[in-house]
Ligand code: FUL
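The chain below stands alone, shown as structure tokens; this is the form predicted alone.
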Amino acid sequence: MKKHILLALCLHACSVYLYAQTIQPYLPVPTKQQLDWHGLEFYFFVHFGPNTFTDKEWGHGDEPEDIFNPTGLDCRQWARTAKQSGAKGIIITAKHHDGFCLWPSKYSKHTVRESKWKKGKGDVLRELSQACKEYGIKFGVYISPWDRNHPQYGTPEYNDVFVNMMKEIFSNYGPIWELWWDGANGEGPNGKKQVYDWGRFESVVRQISPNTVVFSDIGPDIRWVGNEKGIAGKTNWNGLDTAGFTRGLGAPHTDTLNKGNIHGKTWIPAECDVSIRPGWFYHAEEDGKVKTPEQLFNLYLKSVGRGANFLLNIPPDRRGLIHANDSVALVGFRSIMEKNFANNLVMNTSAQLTAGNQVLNTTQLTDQSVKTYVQLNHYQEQGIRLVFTKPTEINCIVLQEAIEFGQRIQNFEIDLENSESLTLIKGTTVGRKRIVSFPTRKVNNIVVRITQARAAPILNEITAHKMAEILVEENPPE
């Protein structure tokens, strides 16, 4: 049934609607760009620069340019690896705190142009942006405002430098899908700290690239999740209040960033950043410490499975290539994803929406389309029952809200019913996607109930799966 057909059933003088024009959004709601961002779910972070060659995590800005010399650099290999792993984009550290620019910026003398790599003719951003276009994945840029090399850092003139650098990047390597701002603010080579003109920075980006989503502690579009472990809060609201806060040391408490604000005035969803290795830049001694495919899958459950996005750092080595150990783990991760989510045990099953003796049967919740949905106007009187034709083993249920109308669900319950017993599972927020995993149960029916919501809940999909037992998330959903 198409979205524009009204389907109504009297349930204690209330109705269930599948009709877009009858639904009023519950603010805040995502922009078109944010909604598209939610749909990407998983993409790469790439930390690369002088630190790759010095074994540092934070460079001091005094590293000689010639130390940067990735003689085997192949950005097509990066993009190909991203594609093979299921990642939808790559965000590159175009300039880290050391100030070294991976492109030949006109506004710095600490760039690839001054290195011996390709005799000063190289341009990492050029090669990576082209590779991303070739493989059909998004291209994003991290650019730190902190610069431990630039002589004007710590003066008003440096804000002009930073703005001009951003303009260079957008003009020469766009479109830029996501811009990543680090709020770090330390001393520059003159011993001074910079007063960042964040208002101007935001205004410039909006003017030159309105479709770019911007990340920082407080957005304006995407927020930090409050840790570098890749884990979102079990309760995770997409709303955030930013009044009175600033980036960096003035950001909200990490607990707030992890959970969001239930009554947050602005839609600023969480992005979960974590590295596939202990460090963010490549270190040879960490070749044996790459996260396993199973560990990556667990992080997916605790990021995307809690309504956030998963930003996984994959640092290229000194050759300029993604190490084989990282590639093997990534391919294994995608294999786990495909095997364990491929079989939706309730696909196209008729969902029974019940209230008292009234029943409405609909496949809108099981058609694997986020374009169809069901609004539960009197949710406290309604349950959603999915009936199996025979007892079926499951250990994972996925719920999805139609977040284009706002995030509404505060608490939910799931009954796992069989002929002998009933298992009750409780959870809080849903958001774009909530993955609930539990020890395997053989069930006859699943019943989903929304027990608390800020407005009439709107669900667009419910799926059920039997994952390998080793993959089941250890922590309960509450």
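The first residue of the sequence shown is number 1, and the count goes up from there. On a predicted model such as this, the values are computed, not experimentally measured, just so you know.
Keep in mind the form predicted together with this ligand is missing from the figure; the text below concerns it.
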Checklist line | Proximity of Arg148 to this ligand in the model of the complex, heavy atoms at 4.5 Å | finding: no
Check: Is Glu228 one of the residues lying within 4.5 Å of this ligand in the model of the complex, judged by heavy atom distances?
Finding: yes
Next item on the list: Determine whether any heavy atom of Tyr300 comes within 4.5 Å of a heavy atom of this ligand in the model of the complex, and answer yes or no.
Entry: no
Notebook entry, point to check: According to a 4.5 angstroms non-hydrogen atom cut-off, is His47 in contact with this ligand in the model of the complex?
Noted result: yes
Next item on the list: Establish, in the model of the complex, whether Trp37, Tyr135 and Trp177 all lie within 4.5 Å of this ligand, using non-hydrogen atoms for the distance.
Entry: no
Next item on the list: Heavy atom within 4.5 Å of this ligand in the model of the complex: which of Asp98, Asp182, Glu404, Asp317 fits that? Just give me the one.
Entry: Asp182
Check: Which residue among Trp267, Trp280, Tyr373, Tyr158 has a heavy atom within 4.5 angstroms of this ligand in the model of the complex?
Finding: Trp280
Next item on the list: Sort through 90-98, 387-395, 68-76, 236-244 and report the only stretch with a non-hydrogen atom within 4.5 Å of this ligand in the model of the complex.
Entry: 90-98
